[in-house]
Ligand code: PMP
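First comes one chain, alone, set out as structure tokens in the form predicted alone.
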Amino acid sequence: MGNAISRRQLFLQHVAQTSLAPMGMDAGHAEGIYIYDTEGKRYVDLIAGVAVSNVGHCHPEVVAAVQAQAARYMHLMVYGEYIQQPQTDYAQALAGILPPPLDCIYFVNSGSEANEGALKLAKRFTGRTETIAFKNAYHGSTQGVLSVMGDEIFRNAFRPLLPDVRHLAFNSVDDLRHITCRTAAVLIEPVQGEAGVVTPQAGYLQALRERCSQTGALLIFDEVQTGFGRTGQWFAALRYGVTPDIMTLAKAMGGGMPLGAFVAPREIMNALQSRPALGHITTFGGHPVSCAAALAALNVLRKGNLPAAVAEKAALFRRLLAHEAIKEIRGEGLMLAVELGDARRLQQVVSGLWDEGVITEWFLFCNTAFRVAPPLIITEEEIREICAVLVKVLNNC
């Protein structure tokens, strides 16, 4: 106990905090869908580290890949100069599951960086300046993508932001008229995550794609949360039958290691090669250990056909979470928002679930719903056990 208290004090003193009330679990180890604290209490990770651990924590094949690659080589040179087998092998495998013609991958470290790179690429390729994003959208916290975040509370304290940015209403076909021949890029989450898992209405993404094609604006899908099987397809672009010009990826991509990417056809990506050369630079992007982990995670998803099992698992959650306190369950696949309609009750439920060993949370732009987004490896038996706990807590709150 003494060591745990001391470690907590050091954590609060030396590790930068992002809020006044961090969760503060002293993590011991993690495996599958579970995280264990240093005293041995087991927690169900119902949010997969926020859409990261699609293959679960410490999957043996991912761990083995990390260990093997770390023994061969780690960082060698800034990105793009040396041929590194983990990068090349993973890029080939990733191109094989992406919708054509998306086949050229620029590796970075995170979702924020992926979206920054995608916006730069769109401006460079089109020669235009205007960026269009959407209200209640989240694309990261760096200065550039903060400018396209769809919530003024998070943006306002950091002004001035990037100029020439316009925000539209998600699912408003009428708003698409604001996409014009001045527009370089339209950046959108095909399923809005931090808005509380808002899905596109029928035909909306198709109308957006058509408008971008008409005006020459590049359509960017932010698939940082939706990618790698979360919606029941490898990517939401495949789920909805709409192919963007650029796609951004991260979170589940690295199998638990830091990795992101923006992806485009070679014709578009080549715009970063000249005038100026080195149009985008990263030191650690596509780190060989992260790429080895990512390839192992992709193979786990593919061998287990895990994306195809998502719909049935999501349906079981929806069926078992029948409770008078639940107003609706929104979402796509295993990316769900359980709407309670009451922020105070939601906090009580999240706290009660924590006490019962189930980790969930609310959304940045929706404080009346909690997340259900577990690792895709979750079993039917585990879903039934978790839902029983959820119902128990709802009854007590």
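Keep in mind that this is a model prediction, so the values were computed, not measured. A residue's number is simply how far along the shown sequence it sits, counting from 1.
What comes next is about the form predicted together with the named molecule, which is not displayed.
None of 151 to 159, 321 to 329, 219 to 227, 278 to 286 except one has non-hydrogen atoms within 4.5 angstroms of the named molecule in the predicted bound form; the exception is 219 to 227. Contact check for residue 110: a heavy atom falls within 4.5 Å of the named molecule in the predicted bound form. With a 4.5 Å cutoff on heavy atoms, residue 134 does not count as touching the named molecule in the predicted bound form; it lies far away. Proximity of residue 231 to the named molecule in the predicted bound form falls outside the 4.5 Å heavy atom cutoff.
Using a 4.5 angstroms limit between non-hydrogen atoms, residue 140 touches the named molecule in the predicted bound form. At a distance of at most 4.5 angstroms from the named molecule in the predicted bound form, all three residues 115, 189 and 251 contribute at least one non-hydrogen atom.
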